[in-house]
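What follows is a single chain, given as structure tokens, in the form predicted alone.
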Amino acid sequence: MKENYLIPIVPFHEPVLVRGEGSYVYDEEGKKLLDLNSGQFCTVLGHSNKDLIKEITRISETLVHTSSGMISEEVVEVSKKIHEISGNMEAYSILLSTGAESVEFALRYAKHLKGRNGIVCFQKGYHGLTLGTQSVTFGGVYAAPEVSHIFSVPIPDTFAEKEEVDNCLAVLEKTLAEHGKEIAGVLMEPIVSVGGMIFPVKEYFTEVRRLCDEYDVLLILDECQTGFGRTGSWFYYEQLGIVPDMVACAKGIGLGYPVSLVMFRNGLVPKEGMTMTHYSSHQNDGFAAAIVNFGIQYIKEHNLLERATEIGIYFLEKLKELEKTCPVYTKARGHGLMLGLDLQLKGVDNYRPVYQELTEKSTKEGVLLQGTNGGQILRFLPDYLIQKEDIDFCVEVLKKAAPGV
């Protein structure tokens, strides 16, 4: 690693990257690496998309930024488009900068609208590392100082039996019954990524929505990873068949740039206007709006929602085939272009060294992987334009790099 003066918040991995193109990035020695997580799940139209570059050039020559009390034509246009693609939410929205900021916004307004301080969250959910979002990340166990009125509940596993689903719902209902007068909202990732690539069944969320209505609390979904076409629909709540009260969206919506979004369902915004203010230097920026407008148009014109579903099915099939030939890989799962795969080795409790070896081998072979849950679970969130031959290449590298091979 080159000498640098960065604050060592996280360890940096070799190599140093110098450019990207499509589904690939290149290091300073010219080595080509397949990026299976589109940066940090953000460059959903690929690296250095030429059409996006043209749009960025256009808006850079027009109007990039305004004060928080002004809006541009691009911002008005994006609010209309988000309203249209939000389906039954018929959403009102605000553009912000990061996923953590959007979740913070949703939490603040939920508490304000309900006049209560309590939030229910998943024990395995991840929402960011600001103080407010860390208070609901992994149930707030790492938040310091501690934020009060946080109630964490278990989440049913991807392959959970009905009994486990019912037990998780029972814990949620008990929490709402005992503390409902303190609770403003229930915050959940519809697909839990950092916490283990968990895909709870649709019926679970149907009941969560019912319980939120019964106990008069807001349902807030963190779709920072699942939103904006990742799973084959604009937002994953559409596939769940529910209408949330608020949705936080980030990562892919900015196409690689720091853009996030908060949506409120129609009817949640008071007709007389919000009585709580929010000021952020880059809220409702014309630059951010232009990127989101472009992304929506590009996804529509290139049928990328349908493509995410089709390529996702192909990717999942290939991972399931891999399981048959390499038994160290197991439990392949996914929706659209959001997939997970477990490592399972006899007698291994600490998967960090195993994951380290795997990623070193895969990088050497030309594939960048990301893991979670202590390295035991691999996650794949590639760009929406990834080709089948790239997926085939990924699977071949996983075979070569498999622990014990």
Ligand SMILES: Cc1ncc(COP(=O)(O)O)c(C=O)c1O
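Residue numbers run from 1 along the displayed sequence. All of these numbers come straight from a predicted model, not from anything done at the bench.
One more form of this protein, predicted in complex with this ligand, exists but is not displayed; see below.
Colleague: Can you say which of 123 to 131, 302 to 310, 159 to 167, 81 to 89 gets within 4.5 Å of this ligand in the predicted bound form, counting heavy atoms only?
Modeller: Residues of 123 to 131 come within 4.5 Å of the partner.
Colleague: Heavy atoms within 4.5 Å of this ligand in the predicted bound form: does E189 have any?
Modeller: Contact with this ligand, yes.
Colleague: Test of understanding: in the predicted bound form, would T98 fall inside 4.5 Å of this ligand by heavy atoms?
Modeller: Yes - in the predicted bound form, heavy atoms of T98 and this ligand come within 4.5 Å of each other.
Colleague: Would you check, heavy atoms only and a 4.5 Å threshold, whether Q225 touches this ligand in the predicted bound form?
Modeller: Contact with this ligand, yes.
Colleague: Whether K251 contacts this ligand in the predicted bound form should be assessed with a 4.5 Å heavy atom distance threshold; does it?
Modeller: Within the cut-off, so yes.
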